[in-house]
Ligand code: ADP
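Just the one chain here, the form predicted alone, laid out as structure tokens.
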């Protein structure tokens, strides 16, 4: 038995050395940017029977590696004599039996994280030493090590949200007027990035503060689970014992009365204890539908910061910041400007487009040109070209009702102008991802409450007036075809 263990130890040593060589080859093959993001976090975790076990910090990273890089990893292992007869398996290691899992991924190396993880531990109150703190007991969500203040590109659309987030993160106490801090905006504009950045900053600089970050959906799941297992008291104690509570995408508790009730009481308890709350949503508190008035009122108590749609200049800055960390990758300026001009929906899609272009050039070995960029992104570019704008809607509605497009921006209140304007606002809300304040600005600087009223009014008219319903449905079909 002793001999078998020694042989196993020796074999694992050989395989670990092989992985070091393979890892270096992956760096050369894919470049520093992709390597740092997806391949460097992979660790050799040992062998089991005929399997080589490679560990990654999160399930998301495992799925991404299996989808994009596993073929190259397996090919490189096959070139190693020590790995003959083995198959490669990617795993996400569970937390150890006698340790508590922190709210951030301890396996991912991050600046100044080596000695602070234990102080950010968040576990259910009924956990005790000797019990397994497995993933289904983990209340918080994993933080992405790429989402920090250092790599958040600031521009006019997000400068208020960024300044508020930094202020809250850097203050050791609750910032007056910023509790809660409510960040809102469309998909992929940076809300989650800022929330992760706040958590990382506090974790590095104030390790004694207990931070809990999770989505509203997970909050609801944990609450329901606690009710079913008759551990509601432990749930309450757990959430009310943190120093900073961060809830992402609060709109997902819309219509969930019991969850809203618990969230309301948790909110009040933390504010009474002078603890910081940071919330994000896809629209401002006053515009959240299906949320109780008392909850909306609490969410709007502190600072509400809107993240607007990106401008061309901001998109250009985001791309340049990504390119700056890429070594040995030559991306012509005209390609960068082309991407900033064409991919306008959100930052996530913009970064994805850049990654696709770089990956194609790296794997195929062709230089990046405007022509290859258009070829690689043909599906994405076609989808963006088809995307409906508020200007398109205003022109189509004005033409249908035989009024001037300028009437859409005017203050005229005659029914002949006001009704088409309301229809255009309704279609803008339905067919675009713009927030209510953004829609209002496109209609001559109208307030977001005006847009809300227009949407509700058109919905009422469509239910009672068949002619109105036919008009709106016809315009809807024309705009989407």
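The model shown is predicted, which means the values in this text are computed figures rather than measured ones. Numbering follows the first chain given and starts at 1.
Below, we turn to the form predicted in complex with the named molecule, even though it does not appear here.
- In the predicted complex, no heavy atom of residue 342 sits within 4.5 Å of the named molecule.
- Within this chain, residue 276 is remote from the site of the named molecule in the predicted complex, having no heavy atom within 4.5 Å.
- In the predicted complex, residue 188 approaches the named molecule with a heavy atom inside 4.5 Å.
- Within 4.5 Å of some heavy atom of the named molecule in the predicted complex lies at least one heavy atom of residue 192.
- You can rule out all but one of 148-156, 367-375, 85-93, 259-267: in the predicted complex, only 148-156 has residues with a heavy atom within 4.5 Å of the named molecule.
- The three marked residues, 318, 348 and 351, each reach the named molecule in the predicted complex, with a heavy atom inside 4.5 Å.
- In summary, among the residues 298, 322, 201, 283, the only one with a non-hydrogen atom within 4.5 Å of the named molecule in the predicted complex is 322.
- Contact annotation for 457-477: no residue has a non-hydrogen atom within 4.5 angstroms of the named molecule in the predicted complex.
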